[in-house]
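Okay, so here's just one chain, in structure tokens, the form predicted alone.
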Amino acid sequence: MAGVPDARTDAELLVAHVLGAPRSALHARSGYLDPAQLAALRTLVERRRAREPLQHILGHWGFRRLTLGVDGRALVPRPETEVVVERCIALLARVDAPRVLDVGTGSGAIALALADERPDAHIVGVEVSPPALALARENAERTGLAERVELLEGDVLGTADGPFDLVVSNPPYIPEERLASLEPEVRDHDPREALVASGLTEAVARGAPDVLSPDGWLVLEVGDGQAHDVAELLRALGYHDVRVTPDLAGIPRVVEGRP
């Protein structure tokens, strides 16, 4: 399918979407698509052949225990970011009613997953992009978590009042010179400002101590090959207990530390 990775899986998901059924039900189903369904499927297949992200075509995607709305206003939630949430949950395990700041919340994936899995937490998500912030608010309503997550428009850390027990961020980290080599689904459809490194990783690392509680943690998602340098940055800034965690593919993906 025009170089689409795992085209069979995508095709099955598109058929399931047209039928309004789970993919698992396809193998138990007999019969054919009716003309209207077939026409709808052909339209969706052509969009996918053009390398529009499957998630955008479906309009939703799973992240942890949630189903989030997705479109071109923010990054599609990715499996590696679920590891970021896992580390946050682990670090907050012994903290009662934790306060968490998610910097660059995008679609709201991290903030909403934390609110879902820690019902006692107070979560604040900040986002500089108004379209992305609108999507995050839609997802907060979609998941029934709007009353538990505070979403603010702002840049880096200055918008929200601390102290926080944890600051987390999945900042843009793709070097600009690598942008052209990315898959079309990412390069041509994800917001550029959410992809290309702009110094936000260092800005968050430098600013987090000002809003963290004395025992608070910083958790950062980083790009392939960047974990060592980000860990060294944290140590140089005075962070302790710096740790690197790999994602499910074994790539060092999450860097954490305490100021």
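What you see is a predicted model, and the numbers here were worked out from it, not measured in a lab. Start at 1 with the first residue shown and count on from there.
Below: the form predicted together with a small molecule, not depicted.
Peer 1: Wondering, does Ala227 line up within 4.5 Å of the small molecule in the model of the complex on heavy atoms?
Peer 2: Contact check for Ala227: no, nothing within 4.5 Å of the small molecule in the model of the complex.
Peer 1: With the cut-off set at 4.5 Å between non-hydrogen atoms, does Ser129 touch the small molecule in the model of the complex?
Peer 2: Yes, contact at 4.5 Å.
Peer 1: Even though the partner isn't displayed, in the model of the complex is Pro98 close enough to the small molecule, meaning a heavy atom within 4.5 Å?
Peer 2: No.
Peer 1: Does Leu41 reach the small molecule in the model of the complex if we count a contact as any heavy atom within 4.5 Å?
Peer 2: No, no contact at 4.5 Å.
Peer 1: Of these, Ile57, Ala231, Leu200, Val211, which has a heavy atom no more than 4.5 Å from the small molecule in the model of the complex?
Peer 2: Selected residue: Leu200.
Peer 1: Among the candidate residues Asp34, Asp215, Glu193, Glu46, which is the single one with a non-hydrogen atom no more than 4.5 Å from the small molecule in the model of the complex?
Peer 2: Comparing distances to the small molecule in the model of the complex, the residue within 4.5 Å is Glu193.
Peer 1: Would all three of Gly69, Ala115 and Asn139 be in contact with the small molecule in the model of the complex, where contact means some heavy atom lies within 4.5 Å?
Peer 2: Spot residues vs the small molecule: no contact at all.
Peer 1: Among 115-123, 180-188, 149-157, 86-94, mark the stretch whose residues have heavy atoms within 4.5 Å of the small molecule in the model of the complex.
Peer 2: Single hit among the candidates: 149-157.
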